[in-house]
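In C-alpha cells, one chain follows: the form predicted on its own.
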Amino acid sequence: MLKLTKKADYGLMALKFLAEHPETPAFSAKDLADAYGIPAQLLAKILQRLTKTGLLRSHAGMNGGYALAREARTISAYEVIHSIDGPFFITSCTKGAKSCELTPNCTIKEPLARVNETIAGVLKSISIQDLAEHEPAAAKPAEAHKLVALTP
C-alpha cells in the first residue's frame, strides 16, 4: 500500500494551515501543533527541515514563528514530501542504475517506473493553495479519477 509518512502528512498539514491564514505573519510550532493535535517537538523538527529546504521562513523573537517562504500556489505537495522524506519510490528497483539479480528477466521495472512518475506528476500538480481551498471530492471529479486510477 502506498502511504505518506506521518512526517510528510504533518508537513503538508502545517503548510496548509499557513496558507489558510495569510493574514497572520507567523505561527509558532506550538500553535501549528495545537491546531491539529500534532506532537509539538516532532512538528518543530519538520518545520526546521522545511525551513532549511526553503519552503518556510522562520522568524526569531517574541512575535516569531514560521511563514510560507513563497506563495502557497507555487509550493507543490511533491516539494513538501520530497523535502521531508527525500525521493520516493514505489519499489526499490526504480531507485537508479544499480540493478538486482532479476533484472534480465524482470517485466515490471518499467511499468512501475511509469506508475512512480505518474504519482510524482500528480503530487507536483497539487499546490498547497489547492489543499487550502480543498473542496469535497465530488466537486473535482478529474482529480479524484486520477488518484483513484493510481490506487492499487
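For every residue, the number given is its place in the sequence shown, counted from 1. Treat the numbers as computed from the prediction; the structure is a model and nothing was measured.
What comes next is about the form predicted together with the DNA, which does not appear here.
Among heavy atoms of F27, some come within 4.5 Å of the DNA in the model of the complex. Put simply, S58 is close to the DNA in the model of the complex: some heavy atom of it is within 4.5 Å. In the model of the complex, the DNA sits within 4.5 Å of a heavy atom of T51.
With a 4.5 Å cutoff on heavy atoms, N63 counts as touching the DNA in the model of the complex.
Interface residue among C106, A35, L42, A113 relative to the DNA in the model of the complex, by the heavy atom within 4.5 Å criterion: L42.
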